[in-house]
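Starting off, we have a lone chain in the form predicted on its own, written out as structure tokens.
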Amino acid sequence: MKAICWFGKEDIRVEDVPDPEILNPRDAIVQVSRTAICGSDLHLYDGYIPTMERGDILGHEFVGTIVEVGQEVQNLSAGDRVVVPFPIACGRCHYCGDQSHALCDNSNPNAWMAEQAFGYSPAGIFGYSHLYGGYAGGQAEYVRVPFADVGPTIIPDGVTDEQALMLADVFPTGYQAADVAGFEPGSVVAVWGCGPVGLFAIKSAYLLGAHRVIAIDHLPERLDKARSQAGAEVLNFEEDPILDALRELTGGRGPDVCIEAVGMEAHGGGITDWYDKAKQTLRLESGRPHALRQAIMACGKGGTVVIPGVFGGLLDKIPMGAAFSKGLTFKMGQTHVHRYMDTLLDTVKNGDVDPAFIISHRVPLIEGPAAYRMFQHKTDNCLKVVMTT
């Protein structure tokens, strides 16, 4: 089969690789129909996530058709059309029982590696380094899905493959960011980053009762989509003094909730931006937390900072004094996709949200390397790339 494989920083290739096989009785094989490039895939592409190995198959957002199941998989059959959550969950451990599937105790075969980095191991993730299990990803014609009696969800009639694809990661990630914020009546929310996760955080905030949402980015096409299709007020951080503007827009109180949907490669301005880029290049800092710093400083007293943006290691110059003095609450982590799947499928099926609105480009899998370059540089107004196999 053909698959998009990692060979080094900014070096990915479409290669012929062996077809996956059933290895365990709870496995399934999925023939991929649609797969997508996620913003967090760029952290692999840019070389900032460790433990990648040459030839690793990328991709954690995919939908397709079941072609084979292991003997213990009783809830799926060949021919079922499914969407697969990006975290791999056993369904039987303490954390899965608590619906915290991204913290599964049993799905990362390299737990020892993650424990050295994080203290404890999170769940395994498709196509996202050996730190998260070394699983082959879904940017391929076929993929092996472990614990298939728990993860893959049958796509109902009336929901397209493209719509369901957004439920593998970005829609639930934006929704979880809004959900864990715990909005009070009249809440004002600020969202940093108008990429796919940020846009879904805006949509979800309104679904869950937010009064106002203010979106922050610098790319005109993303700000326009946040305003025209997600209903947010918008600020351009290259033109607007963000902290002053947010204070003015909120009557001096600041946002009640600040959602940092950018992650470890945030863009900023001034000396801190140069400082972060230099330290990240020298691997003295794992990420560029400009947006996170700004969210902490902007958040109103007693507010909540939610971090769906991916961070992989150590950060510098975080204003913890401001967080402490204002009594902020932090919520963060990988998304418990399984928890939200049924709710969001109903939201799509009922016509409340069409998640395909974020798709900007559709290309065949063979054009994956060019699509990565386009997405990295945000050329041609690239927001979300979907690849067909």
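Quick caveat, the model's predicted, so the values are computed rather than measured. Counting begins at 1, following the sequence as shown.
Just so you know, the form predicted in complex with a small molecule exists too; it's not on screen, but the next bit is about it.
Contact annotation for Ala291: at least one heavy atom lies within 4.5 Å of the small molecule in the model of the complex. The shortest heavy atom separation between Gly39 and the small molecule in the model of the complex is within 4.5 Å.
Under a 4.5 angstroms non-hydrogen atom cutoff, the small molecule in the model of the complex lacks Gly47 among its neighbouring residues.
In the model of the complex, at least one heavy atom of Thr173 sits within 4.5 Å of the small molecule. Between the options His211, Arg253, His267, Arg283, the residue in contact with the small molecule in the model of the complex by a heavy atom within 4.5 angstroms is His267.
Contact annotation: of the candidates Tyr142, Phe237, Tyr95, Phe183, the single residue with a non-hydrogen atom within 4.5 angstroms of the small molecule in the model of the complex is Phe237. In summary, the region of this chain contacting the small molecule in the model of the complex, judged by heavy atoms within 4.5 Å and restricted to 272 to 280, 185 to 193, 105 to 113, 153 to 161, corresponds to 185 to 193.
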